[in-house]
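Okay, here we've got a single chain as structure tokens, the form predicted on its own, with questions on binding and movement later.
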């Protein structure tokens, strides 16, 4: 039985969120390919994980026999999140751009699952696990655009997910999502619509391709 770990982090609900909508399209296509599979859904906006504390961080570098009760409890929560990642056959992450970076709730999740010597380092425990990230953004930060240098979502997640955790990362990037609601961007609505349609097509295609890859 295949397991998909689905993580949402947008503060917007349902169809109001581009990252949630596109991720849902991926998940639907995935479930059609894996009707007997399991989906673990973490909505970090509705149910955020704790931001990492000194006890949670230091416990990762302390012998279990020497951990304080506070460290043991905090590390237990981290282990639960790390095990979800390690046991997943694939991971789906909704990562909208909030003020040029990822939501703080997603950063908190990453801080919890990132542990040198286990999930990160020379032999990451989830190495090779395929990850699809829906990195939506209100404007465009593509190469050659005026705000190319403000892109700290895709660049950052490539470093952490792929470079440090050893995951196999692909991105779907719906952009210009503010065009329909921002009068100053009204002339960009056609480009937004093209980007949105492409994102939904990519979500379905990637879900099916990944299902075939895991079944091989």
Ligand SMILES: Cc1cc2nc3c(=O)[nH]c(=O)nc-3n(C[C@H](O)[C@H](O)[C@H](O)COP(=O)(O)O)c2cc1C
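Predicted, not measured: the structure shown is a model, and the values here were computed from it. Residue numbers count along the first chain shown, from 1.
If you look for the form predicted in complex with this ligand, you will not find it shown, but the lines that follow are about it.
Visitor: Just one stretch in 125-133, 70-78, 89-97, 110-118 has heavy atoms within 4.5 Å of this ligand in the model of the complex, so which one is it?
Guide: Going through the listed ranges, the match is 89-97.
Visitor: Check, residue by residue, if 37, 204 and 209 all come within 4.5 Å of this ligand in the model of the complex, counting heavy atoms only.
Guide: Judged in the model of the complex, none of 37, 204 and 209 sits within 4.5 Å of this ligand.
Visitor: Do residue 189 and this ligand share at least one heavy atom pair within 4.5 Å in the model of the complex?
Guide: Judged by the heavy-atom cut-off of 4.5 Å, residue 189 is well away from this ligand in the model of the complex.
Visitor: Quick one: is residue 195 in contact with this ligand in the model of the complex, heavy atoms, 4.5 Å cut-off?
Guide: No, residue 195 sits far enough from this ligand in the model of the complex that none of its heavy atoms falls within 4.5 Å.
Visitor: Just checking whether residue 164 would be counted as a contact of this ligand in the model of the complex - the rule being heavy atoms within 4.5 angstroms.
Guide: Looking in the model of the complex, residue contacts with this ligand do not include residue 164, since no heavy atom lies within 4.5 Å.
Visitor: Residue-level contact is defined here as any heavy atom of the residue lying within 4.5 Å of this ligand in the model of the complex; does residue 159 satisfy this criterion?
Guide: No, residue 159 sits far enough from this ligand in the model of the complex that none of its heavy atoms falls within 4.5 Å.
Visitor: Within 4.5 Å of this ligand in the model of the complex, counting any non-hydrogen atom, which residues from 143-158 show up?
Guide: Going through 143-158 in order - heavy atoms within 4.5 Å of this ligand in the model of the complex - there are no hits.
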